[in-house]
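First, one chain by itself: the form predicted on its own, in structure tokens.
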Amino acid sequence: MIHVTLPDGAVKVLPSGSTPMDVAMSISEGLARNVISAKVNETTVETTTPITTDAKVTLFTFDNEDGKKAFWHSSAHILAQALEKLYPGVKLTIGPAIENGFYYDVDSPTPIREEDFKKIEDTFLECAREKADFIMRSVSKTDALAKYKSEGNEYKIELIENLNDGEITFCDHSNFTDLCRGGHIPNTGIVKAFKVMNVAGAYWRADQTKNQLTRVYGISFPKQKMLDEYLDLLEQAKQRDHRKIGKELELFTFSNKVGQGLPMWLPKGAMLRERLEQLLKKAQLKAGYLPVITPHIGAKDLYVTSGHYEKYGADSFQPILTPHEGETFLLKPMNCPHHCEIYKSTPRSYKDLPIRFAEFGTVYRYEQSGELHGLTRVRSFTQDDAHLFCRPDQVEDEFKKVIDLVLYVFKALGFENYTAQISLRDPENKTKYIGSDENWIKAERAIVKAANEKGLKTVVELGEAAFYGPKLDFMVKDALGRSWQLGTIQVDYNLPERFELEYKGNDNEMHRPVMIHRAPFGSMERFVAVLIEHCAGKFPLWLTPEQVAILPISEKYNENAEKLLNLLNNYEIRGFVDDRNEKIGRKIRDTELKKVPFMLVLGEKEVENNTVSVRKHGEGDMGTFKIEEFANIINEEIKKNLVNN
């Protein structure tokens, strides 16, 4: 008999050789009907995999991220089977699951075009309806190479040559076989719906010197209804695309002459961004943060010391050479090395700590042109950075205060659905990180403890830590249920060592401070992009660039409208006058499209009575108000929103 421990701590005693499906059946038949994959200890396996020793077992349905991964990985095999049927001579390479769906890269002698999507989908579903079991088997390196040499598939041969005997497995289903590590659903029949999303070019192993392949993207679901809902969500996402709305609302722009990935903020966008910054600056001031400003460049040695050059130098903007021989600068990739030098600029005592330096600092990363995407992936962006230098006994308390600050920002902007991801280093590959095991353990424990004490909903992700320390990343879901990584907090024992930072303790000895990195917004550019898509451009009233549009019904009242705008400015209400020679109906429609929260219609009756006819975006006519009454409505709504945060 073996002891199977479930995630809730419950233990099942089952015969040796029992499978994850047997475990599911021992719990309930209903669960067994929905289980599609499992994890035994730390390895994702099929539900038919025998368990021969005591083990920790986690069962996955399609509702779990790991379940989706197995589902989409299995679907990639079905897609490859369909492509082999449709395109004789096609060479298969790799087909992983991705965040939404999967892809398969192929070398096809026949071009795969958009007009082929329907026949690919039909063939895929024909294959799925065979209800063929996914069966894993071990293969010797000799036999594996022989198979793909006979097929002339140099891509699979290259993959196998980098593997050792004993670690090569094939997955069979129906009459199809593929090189695979495992982690599949029970059979193809579980896949009920499929759609080809796109085809694109992709270099083999992302190497531009190698062959260009065709990447076929797809997504699949266990129910047609789920696919229909997903496609509807995509259509909504198109309408909320921050690039589309940003252009319509005149928030930002790009220019090839300025350079790819270098956003320029237009007046309305700059004002919106300024208000976001002021929200955080006021909160930081109350929390004891000190503003600092650092240059946009730094000497190369600065980033060599910090470790950034070693980790990112090859993929960053190239060094800047000056007329002085041997003098080399870099565009600033991070603010933290500069803040370390500010800390080091004067002697520090234990009485001075914690010290909190804050800066909205612009940094530069050379993202590949194919990865640039509006404001979400750019080459120049501003971080709402702060670095806290504290004593070891202050770390936990400071960390919890930063959590409060992040949650304050989220609440003010309507982000209510979030998970705190505890991002730890990969225990199997510590070479990616700097610093001692002792410091990493202390930092990881501090984050876990603080997150638990604040009652955050958390998940743990191995291998997602920064190279210098673990992180608490806030994964925020927007109005469409999409997840975005926004705010981040990091505990760092390593940069203080690299920069030899010190403070004098109450024992008159020199000690090393601990550093906390934090950015509630993360990147201002990315945050604004997510905010635009979350609220579809209908920003909170306190934040929106233009709160009021004044619409005179004819040119006769344009002067009155300007006077009204000046009066509203005295109440700190932002707006504009639409003085075009257009009918009032057209002005109202155009203002609705601009998502201006309030419209004030001004005609003879309103001028005589010193009133305004008010319309609210998306709701229509609110009635007639005295100007002071309307000003109070707006300011009370703003006050209510911000005071509650």
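The first residue of the shown sequence is 1; numbering continues from there. Just so it is clear, the structure is predicted and the values come from calculations on it, not from any experiment.
Unshown form predicted in complex with the RNA; subsequent notes refer to it.
- Only one segment in the set 434-442, 413-421, 449-457, 311-319 has any non-hydrogen atom within 4.5 angstroms of the RNA in the predicted complex, and it is 311-319.
- Among K225, K556, H324, K351, the residue placing a heavy atom within 4.5 Å of the RNA in the predicted complex is K556.
- A single residue from the set N256, S150, Q278, T142 has any heavy atom within 4.5 angstroms of the RNA in the predicted complex; that residue is N256.
- Proximity of N566 to the RNA in the predicted complex: non-hydrogen atoms within 4.5 Å are absent; the residue sits far from the partner.
- Of the heavy atoms in Y571, none are within 4.5 Å of the RNA in the predicted complex.
- Residue contact check for I588: one or more of its heavy atoms lie within 4.5 Å of the RNA in the predicted complex.
- At the 4.5 Å threshold, heavy atoms of D54 stay clear of the RNA in the predicted complex, well away from it.
- Residues from 586-619 that approach the RNA in the predicted complex with a non-hydrogen atom closer than or equal to 4.5 Å are R586, I588, R589, E592, L593, V601, G603, E604, K605, E606, S613, R615, in the order they occur in the chain.
- Cα of P319 to Cα of K210: at least 3 Å longer in the predicted complex than in the shown structure.
- The pair N429 and A206 approaches in the predicted complex: their C-alpha atoms are at least 3 Å nearer to each other than in the form depicted.
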